[in-house]
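In the form predicted alone, a lone chain appears below as structure tokens.
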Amino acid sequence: MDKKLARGDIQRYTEIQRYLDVARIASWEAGRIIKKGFSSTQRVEWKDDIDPVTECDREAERVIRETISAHFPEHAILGEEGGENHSNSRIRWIVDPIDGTANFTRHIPLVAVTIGVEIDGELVVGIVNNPIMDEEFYAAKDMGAYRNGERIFVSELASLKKAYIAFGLRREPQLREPMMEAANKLYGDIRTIRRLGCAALSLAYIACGRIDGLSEIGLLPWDMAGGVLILKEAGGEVTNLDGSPFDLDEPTILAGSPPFLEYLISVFKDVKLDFTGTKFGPQ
């Protein structure tokens, strides 16, 4: 840690470190499954018209859940494939076994195991592990963010004209069209837009300075939980699309180094999105 620990912080520090260690182990175990599956032909099923799932997704989540439960059987776990175990614990693990499944099914290596850990609703651990490219990003609250063991920080790029910004879209017209209008505004100011197809890696790439900002919609908690803490520990900031305080249960995110986030808020604050009739809206 960069700051001196006060006596009362030591127990919390030790607790969070344990969660980080187990989260890393769980992501490594899942990563072995994903790396093996990436080189083989996967049978693809569809949750709906556009969201694929493979047996690797299910097997990787099973291994993650088993690893967590072996160390912390009383903790709550929310996973993309297995739902929530409805524990009343103040500790919750939020798991996406393969963020970027569509990339995975097409043998595009932009995929990640992502795990976040909350204590009383506060994110304290984040993992984004890309086993295909052998890159592990991780962070713990007040302990910094790391890539393969090296400390990372957001970009210090000062010029909008040189900025790279990751961008997310949905197919639904009421979501797609307002975001395309905003993209036109972006292209008038920045260097380029990148569509990674993996929100967790987009956040990790901002954290290590590869890209400068992110605007994304149509997300669920497991898409963001691991990457958000990594970004914040690397000096970045996050909000909802309209610039309001970030909420893991809201389906939008803006992220970046502080000056770029301020710019993104100015572009997106008036974008109106209607999630009615989608899995992200009222059910």
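Just count from 1 along the sequence shown to find any residue number. Since this is a predicted model, take the numbers as computed values, not measurements.
Beyond what is shown, the protein has a form predicted together with D-MYO-inositol-1-phosphate; the following relates to that form.
*Quick one: does residue 207 come within 4.5 Å of D-MYO-inositol-1-phosphate in the model of the complex, counting heavy atoms only?*
No, residue 207 is distant from the partner.
Since only the chain is shown here, I'm wondering whether residue 99 would be in contact with D-MYO-inositol-1-phosphate in the model of the complex (any heavy atom pair within 4.5 Å). Residue 99: yes, in contact with D-MYO-inositol-1-phosphate in the model of the complex.
- Message: Check residue 45 for me: does it contact D-MYO-inositol-1-phosphate in the model of the complex (non-hydrogen atoms, 4.5 angstroms)?
- Response: Heavy-atom contact with D-MYO-inositol-1-phosphate at 4.5 Å: absent for residue 45.
ask   = Does D-MYO-inositol-1-phosphate get within 4.5 angstroms of any non-hydrogen atom of residue 115 in the model of the complex?
value = No, residue 115 stays farther than 4.5 Å from D-MYO-inositol-1-phosphate in the model of the complex.
Review point. In the model of the complex, which of the listed residues (195, 71, 107, 162) lies with a heavy atom within 4.5 Å of D-MYO-inositol-1-phosphate?
Key: Among 195, 71, 107, 162, a heavy atom within 4.5 Å of D-MYO-inositol-1-phosphate in the model of the complex occurs only for 195.
Worksheet item: Among the candidate residues 66, 51, 29, 242, which is the single one with a non-hydrogen atom no more than 4.5 Å from D-MYO-inositol-1-phosphate in the model of the complex?
Response: For this set of options, the contacting one is 51.
Margin query: Counting any heavy atom within 4.5 Å as contact, can you tell me which stretch out of 33-41, 254-262, 234-242, 216-224 lines D-MYO-inositol-1-phosphate in the model of the complex?
Written below: Of the options given, it is 216-224.
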